[in-house]
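So this first bit is one chain, no partners, the form predicted on its own, shown in structure tokens.
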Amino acid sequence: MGELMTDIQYLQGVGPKRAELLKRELGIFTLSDLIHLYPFRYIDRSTIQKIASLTPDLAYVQVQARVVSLNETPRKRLSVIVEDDTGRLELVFFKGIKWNKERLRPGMTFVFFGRPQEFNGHINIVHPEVDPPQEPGSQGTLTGVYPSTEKLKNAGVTGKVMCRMQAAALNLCLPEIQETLPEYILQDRGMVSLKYALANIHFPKDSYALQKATSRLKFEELFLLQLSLLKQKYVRSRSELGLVFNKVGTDFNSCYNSLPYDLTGAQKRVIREIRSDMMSGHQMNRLLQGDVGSGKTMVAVLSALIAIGNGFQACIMAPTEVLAQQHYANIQKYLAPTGVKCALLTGSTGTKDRRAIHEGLEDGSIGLIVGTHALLEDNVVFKSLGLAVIDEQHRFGVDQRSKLWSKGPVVGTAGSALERDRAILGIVRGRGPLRGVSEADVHSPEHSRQIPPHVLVMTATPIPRTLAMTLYGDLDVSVIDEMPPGRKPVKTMQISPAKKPAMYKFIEDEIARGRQVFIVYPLIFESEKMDLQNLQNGYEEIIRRFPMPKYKIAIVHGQQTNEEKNFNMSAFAEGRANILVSTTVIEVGVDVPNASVMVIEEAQRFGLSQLHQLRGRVGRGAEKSYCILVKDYKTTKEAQKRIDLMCATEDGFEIAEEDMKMRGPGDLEGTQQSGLPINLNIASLAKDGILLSEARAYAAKVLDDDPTLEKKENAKLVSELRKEKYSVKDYSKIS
């Protein structure tokens, strides 16, 4: 490993200054880091084009031409005229003028490579790469283009310099490269060796060699990632004790039988999956995905009632106070036919009420608690927490969620006999002694331990399948892919600012019918002051157009205190305000069935996921609903594509897939906080979905044969999984 771990500054042509830049800009500290920085595209240098055939729409071209003349202008610009047998071409240099004047002498022939552009009616190339025609590789095959930054380019680390550095590093490191995959996998998959792959990913002999190298490196990256995740899941599913809920209970049946509508097939399927987990004897860790309004809350309530029916408690944790209050109001209605006591705990809960809630949780009289992060406080103690439901998972930090996990019942020395029997005897029976613990030992103090509650994570941000397999690869995933009957589609339209007078007239008509309206402005972090000003200007415009006392308008934004936000949101939710002017703080959590119009100002500035979440705030009642996207006159092609897609479909999963293709997985709404479990060097979750599925299936096959990777032939895999890159954070115990 000598050369591989050599500091990058000692590579020929680098030195301390460039090394500092490479470390800061690209995270390259060693030669190993450098050779694992792969080209993101390739340029075909195999063809020479004639000057007469050049057009400004060509990406990169290569011409062989003779220097005719040079002209340096007083404004530090060197113009070089070159010609071939079809015409003349201007080459322009703003840097390295002295050096270029010395080497580009009239009459000499070179190969010039660059991007053609049009200037004053003529084609020119600015700062082309220059090679003598006889230099090996100057008319070679495929040349890699590496990630770079403005600072690196300004410091002279050009594409050509990067290629030279890679060649030097590979020359030193290739003899040291050890195979990372077992021989049987290489043969099974028909893959090339790691040495071949690294040599040809940087300097491919031809397109076939490049394809073989790319395929090998992508598969390895995805396979090891999935192997790491699935191994965690396998170990957990066989070792983590879980509370056993054998029955459904009368409260579940009372609630289910009094529902005014039938559950969808998808809801029923998900409840069956959850019930199966709860009976398995292992801790449930399940991610529940469902589009806005698909009925996740109902699934959460019925799951909670299963826990309660088995003598345990349940909690539902929401990211905001408004959402917690909303859940509580809805859940109270669902629980009316049952005997279950439900409570609400948030930051605003008064001291007297808080004390009573703490007592009720500790003595078990409160069966279901709904709350915010207030549930995580140390003085919130459950008698026997059996199920924790976390809504909008990405809004909570990992450390916060782990606190909920630690609130499960302690069995063996504490808790009632009922708890002990159900928690441990239920697991031991039919399964034989567990880790040497017999039924006679259950009440023994040395065998006391905490049993984690079952965990259900709910997200209303549809996650593309490939991303779910990576972010939540060690969790079980359930999807509600069916909308409840009676939910009407939201009509989505796009308008320019010129159409706003007609839009205001439409809003007026909707309010006259007794409906309410959201008007949302962007609040992008980097330009918060400017956006807040836009919001205030918009608010003033709305007040002028919809004056009091005929209209009542509430405003909500992130600069307000919680009290101000809650007061204004409540005014709108309770029907005391006709219009809510807001930033994206209302993206999650405001359920106002009477709201029929969602106006999104400057829609071009929002991501697809945000637009979809905002649209989900309307269409929750029986009335026809509308989403109006107001776009700027200077909307980019990418933004227009997003807006067009929003108008074309309401399918959250289709939107999420497109979002990932457009923006890449690391930028997706809801994932940036947690990031990807590993940084992918070459594979792409957006483009390599089929390969990811193959890699996951192959990883499962390897683990089926050798669950703990103890066999001699899998020693290389164990070694790779120990590397920091693949030590994926264990989401399993914290969901």
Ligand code: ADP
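All values reported here derive from a predicted model rather than from experimental measurement. Position 1 is the first residue in the sequence shown; the rest follow in order.
There is another form of the same protein, the form predicted in complex with the ligand; it is not shown, and what comes next is about it.
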Find the only residue in Q283, N578, T297, Q166 having a heavy atom within 4.5 Å of the ligand in the model of the complex. T297
Assert contact residue (the ligand, in the model of the complex, non-hydrogen atom within 4.5 Å, options D291, D251, E221, D277) equals D291
Per-stretch contact check against the ligand in the model of the complex, the hit in 624-632, 492-500, 544-552, 258-266 (non-hydrogen atom, 4.5 angstroms): 258-266
May I ask you to check whether G114 falls inside a 4.5 Å heavy atom distance of the ligand in the model of the complex? no
Does the ligand come within 4.5 Å of any heavy atom of P485 in the model of the complex? yes
D591 within 4.5 Å of the ligand in the model of the complex, heavy atoms: yes
With the partner left out here, check for me: in the model of the complex, does some heavy atom of R620 sit within 4.5 Å of the ligand? yes
